[in-house]
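Given next, in structure tokens, is a single chain: the form predicted alone.
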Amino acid sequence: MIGKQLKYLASLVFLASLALAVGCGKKKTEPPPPPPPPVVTPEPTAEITATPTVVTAGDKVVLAWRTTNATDISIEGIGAVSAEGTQTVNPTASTNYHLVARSTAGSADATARVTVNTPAPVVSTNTDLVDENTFHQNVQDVFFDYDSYDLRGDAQATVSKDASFLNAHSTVKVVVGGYCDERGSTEYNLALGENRANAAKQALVTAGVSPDRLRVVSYGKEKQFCAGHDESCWQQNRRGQFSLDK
């Protein structure tokens, strides 16, 4: 009887030892790897320069800019631009060209200032004696793009010089004629010509010329400066012409 009990106890010890050995042989569960560090989006950068920084009204200025890490880039007064580039402008007054670069990470801005010096007025000892030749040497016509009466940058520079001469000859009166190329109906071009003449007149008024010295006439497409049928001729015919009002 005692022998059986000893055998039974020995079996229990063996089974307990076996269970312990099996339990110790199990692999421990590894902890999960740490999460990756968050991706940090760099903030935008912006820089802009103007060359030259001091000019006379209507002179050319080259803007150059560069940005990084931006998705929305613009220059005030110009509009949306690429991440980097250059553009020629013709300021008629001192101007701050403000570059703004934006992204989801933030924004950056930079400014280039151009100072425009007012040219000295042309001095005339006798403002009444201005003949046709002198007038057209100093008062140049302005030209327009197709189907447009907005003054281009080159036209703004021309008007600035025209106004300087007219302001120095305060008794001279001017006919501002609006002209179009041959395309389009007569009625449409008469309206377009009037808009072009008014745009040229308003530019002179803004530059200091009294509006009562300026008379507007639309010639539409009836008076062509060039008789050809290509863009080089059409461009000559899309103009605002300044003539002495006698």
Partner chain sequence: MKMTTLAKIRYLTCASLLLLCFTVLAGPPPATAQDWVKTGTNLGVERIRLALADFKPASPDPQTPALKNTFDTTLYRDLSSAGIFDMVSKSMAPTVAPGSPQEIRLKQWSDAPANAAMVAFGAISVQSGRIVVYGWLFDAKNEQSPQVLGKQYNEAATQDNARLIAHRFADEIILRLGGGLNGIAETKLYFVSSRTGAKEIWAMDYDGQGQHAITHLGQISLSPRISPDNSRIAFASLSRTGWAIRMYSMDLNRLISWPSAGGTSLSPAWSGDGTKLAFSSSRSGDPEIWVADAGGLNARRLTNFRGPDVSPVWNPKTGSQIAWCSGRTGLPQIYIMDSDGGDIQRMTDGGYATSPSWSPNGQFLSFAWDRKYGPGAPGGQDIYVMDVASKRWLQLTHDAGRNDFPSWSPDGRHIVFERVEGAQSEIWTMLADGTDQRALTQSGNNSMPNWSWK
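Residue numbers count along the first chain shown, from 1. Keep in mind it's a predicted model, so treat the numbers as computed, not measured.
Just so you know, the form predicted in complex with the partner chain exists too; it's not on screen, but the next bit is about it.
Student: Go through 130 to 138, 145 to 153, 96 to 104, 109 to 117 and give me the stretch that gets within 4.5 Å of the partner chain in the predicted complex, heavy atoms only.
Tutor: Going through the listed ranges, the match is 145 to 153.
Student: Under a 4.5 Å heavy atom criterion, is Thr206 part of the interface with the partner chain in the predicted complex?
Tutor: Close contact is absent here: in the predicted complex, Thr206 is far from the partner chain, nothing within 4.5 Å, heavy atoms only.
Student: Whether Glu194 contacts the partner chain in the predicted complex should be assessed with a 4.5 Å heavy atom distance threshold; does it?
Tutor: Answer yes; at least one heavy atom of Glu194 falls within 4.5 Å of the partner chain in the predicted complex.
Student: Should Arg183 be counted as a contact of the partner chain in the predicted complex, where contact means heavy atoms within 4.5 Å?
Tutor: Although the partner chain is absent here, Arg183 would touch it in the predicted complex, with heavy atoms inside 4.5 Å.
Student: Would you classify Val61 as touching the partner chain in the predicted complex, given a 4.5 Å non-hydrogen atom cut-off?
Tutor: Val61: no contact with the partner chain in the predicted complex.
Student: Is any part of 209 to 243 within 4.5 angstroms of the partner chain in the predicted complex by a non-hydrogen atom, and which residues would that be?
Tutor: Contacting residues: Arg215, Val217, Ser218, Tyr219, Glu222, Lys223.
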